[in-house]
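The chain below stands alone and is given in structure tokens; this is the form predicted alone.
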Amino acid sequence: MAPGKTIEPFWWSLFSVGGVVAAFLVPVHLFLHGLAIPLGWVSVTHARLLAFVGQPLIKVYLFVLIALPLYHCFHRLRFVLEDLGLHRFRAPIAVLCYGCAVAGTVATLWVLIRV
């Protein structure tokens, strides 16, 4: 990386995309899986849902739905912790927060590959 350049724009772009996904897609899933399916408004059997999740395009969708909001969440958490006065620990907080997001992404990928 060139001197003076940081990776900060990369994290901000993941933060932005994750925020959009969290704002538009997560409420739809909460409605479907939290209300519509349990209340019987949409009839879906467990076997049919598993077969649906096994589709490659659905796996990509679920990966985007789960992984990108993780970056949004942990990027926000990083700056909340820094705003609370933990400036001295800026680098370890960044490593911890982004490390958790990366670990969550890897775990999501692993689960979706195994389904």
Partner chain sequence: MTVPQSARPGLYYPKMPLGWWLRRPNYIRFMIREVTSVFIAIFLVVLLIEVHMVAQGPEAYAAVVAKLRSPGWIVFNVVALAFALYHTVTWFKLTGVVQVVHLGERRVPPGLVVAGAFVAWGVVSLFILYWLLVRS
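Predicted model only: the values in this text are computed from it and were never measured. Between two forms, the rigid core is the largest collection of C-alphas that superpose within 1.5 Å. Positions refer to the first chain, counted from 1.
Only in words, not in the display: the form predicted in complex with its partner chain, which the text now covers.
*Asks:* When the contact criterion is heavy atoms within 4.5 Å, does Phe24 count as touching its partner chain in the model of the complex?
*Replies:* Contact check for Phe24: yes, within 4.5 Å of its partner chain in the model of the complex.
*Asks:* Is there a heavy atom of Phe15 no more than 4.5 Å from a heavy atom of its partner chain in the model of the complex?
*Replies:* It does: once its partner chain is placed as it appears in the model of the complex, Phe15 has a heavy atom within 4.5 Å of it.
*Asks:* Test of understanding: in the model of the complex, would Leu32 fall inside 4.5 Å of its partner chain by heavy atoms?
*Replies:* Yes, Leu32 is a contact residue.
*Asks:* Is Val60 close enough to touch its partner chain in the model of the complex, meaning at least one heavy atom pair within 4.5 Å?
*Replies:* Output for Val60 is no: heavy atoms all beyond 4.5 Å of its partner chain.
*Asks:* Between 42-60 and its partner chain in the model of the complex, list the residues on our side with a heavy atom within 4.5 Å.
*Replies:* Counting only heavy atoms within 4.5 Å of its partner chain in the model of the complex, the contacting residues of 42-60 are Val42, Val44, His46, Arg48, Leu49, Leu50, Phe52, Val53, Ile58.
*Asks:* Rigid core aligned, does the Cα position of Leu50 differ by 2 Å or more between the shown form and the other one?
*Replies:* Leu50: C-alpha displaced by less than 2 Å between the shown form and the other one.
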